[in-house]
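Quick setup: one chain, the form predicted on its own, written in structure tokens, and binding and motion questions come after.
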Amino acid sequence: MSAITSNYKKIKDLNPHESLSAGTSLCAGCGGLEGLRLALKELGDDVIICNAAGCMTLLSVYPFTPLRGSWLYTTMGGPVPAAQGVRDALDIRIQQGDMPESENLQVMVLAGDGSSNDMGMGPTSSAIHRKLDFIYFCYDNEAYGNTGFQLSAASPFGGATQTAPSTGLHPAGAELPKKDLFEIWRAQNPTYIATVSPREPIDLANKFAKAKLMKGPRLFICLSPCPTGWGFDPKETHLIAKLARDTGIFPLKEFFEGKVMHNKVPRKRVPVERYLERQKRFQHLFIPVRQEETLAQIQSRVDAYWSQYE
């Protein structure tokens, strides 16, 4: 199924405006930071970000901020209730004539995969049910990265984390598959869902351009390669993101008007081990001996997903 017609065709067409300045305190090579920067180029400065405690909390620490827009820091489970309060306050003030429509803001939740899949799931589900008008940006680095890279519900099968290392009893490391946040949201029929990657700036910009014109709950799941937790050189962030796409491990897709559409279908998928072998968190699958069964399971799950669409 083809994707919705896009606006941008080339990198040079992207909005040159920067709402996020360089020189932040986040880790070098952070894929989530690059994804957020590209998103804010499209959304502009009139955005209030409700941030869940996590890696991105270090982005804006009083009295310093790299953002042109506004920032509200919350607990891990509190960004969506905060977004509800902000959205209600804006709507009431505009309705009562206390504030002109020209001063209205986009309300965006910024949260990691830990908050998105675990602690913040309950209030998020309620907000989707109420059709809250907000954008949700999940930077998915597949662990609780800010506190040492512990296991989260988004940690992939076969990956090692600080709380789920590879051991004699548990050689694979993480033994459960990654929770499918895309499908959890889709079950509640929100306005829009998309997966995005810092490796695909045109795809990302086009999706945010569409979502900006919509109302209601809108989710973006951004693949966020993490040099610190995943274990690779920061200069390889875009290579890791490219391999995630080429192996089919991270499908680029969107949900709109009841349909799921894939934006980048790999013509010939690369074996998953090309992606896994470049990251320290998967090294136990290759050294001291190859864990053939675990590697085969990872490949089989990717193949099973794409067999629905090929």
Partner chain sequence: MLRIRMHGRGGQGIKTAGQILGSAAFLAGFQAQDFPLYGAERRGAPVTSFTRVSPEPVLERGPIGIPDLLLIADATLLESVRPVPLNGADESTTIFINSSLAPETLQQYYQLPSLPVGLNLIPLCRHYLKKANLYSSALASVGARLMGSIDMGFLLEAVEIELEQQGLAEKQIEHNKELAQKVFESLTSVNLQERERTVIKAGSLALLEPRLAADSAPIILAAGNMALRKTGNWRVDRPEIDYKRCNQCLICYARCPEGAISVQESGSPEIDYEHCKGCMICAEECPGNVIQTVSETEDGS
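Just so we're clear, the structure is a prediction, and the values are computed from it rather than from any experiment. Positions refer to the first chain, counted from 1.
The following text describes the form predicted together with its partner chain, which does not appear among the structures shown.
K.L.:
At 4.5 angstroms, heavy atoms only, are L110, N263 and Y305 all close to its partner chain in the model of the complex?
P.N.:
No, none of L110, N263 and Y305 comes within 4.5 Å of its partner chain in the model of the complex.
K.L.:
Can you pick out, from A244, L252, L276, L33, the residue that has a heavy atom within 4.5 Å of its partner chain in the model of the complex?
P.N.:
Contact residue from the list: L33.
K.L.:
Could you tell me which one of G216, G148, P171, P177 places a heavy atom within 4.5 Å of its partner chain in the model of the complex?
P.N.:
Residue within 4.5 Å of the partner: G148.
K.L.:
Pick the stretch from 207-215, 113-121, 151-159, 193-201 whose residues have a heavy atom within 4.5 Å of its partner chain in the model of the complex.
P.N.:
One stretch meets the cut-off, namely 193-201.
K.L.:
Is G248 close enough to touch its partner chain in the model of the complex, meaning at least one heavy atom pair within 4.5 Å?
P.N.:
It does not: once its partner chain is placed as it appears in the model of the complex, G248 has no heavy atom within 4.5 Å of it.
K.L.:
Mark M99 yes when one of its heavy atoms lies within 4.5 Å of a heavy atom of its partner chain in the model of the complex, and no otherwise.
P.N.:
No.
K.L.:
Indicate whether C55 is a 4.5 Å heavy atom neighbour of its partner chain in the model of the complex.
P.N.:
Although its partner chain is absent here, C55 would touch it in the model of the complex, with heavy atoms inside 4.5 Å.
K.L.:
For R269, is any heavy atom within 4.5 Å of its partner chain in the model of the complex, or not?
P.N.:
R269: no, not in contact with its partner chain in the model of the complex.
K.L.:
Across 45-81, which residues bring a heavy atom to within 4.5 Å of its partner chain in the model of the complex?
P.N.:
The stretch touches the partner through C55, L58, L59, S60, V61, Y62, P63, F64, T65, P66, L67, R68.
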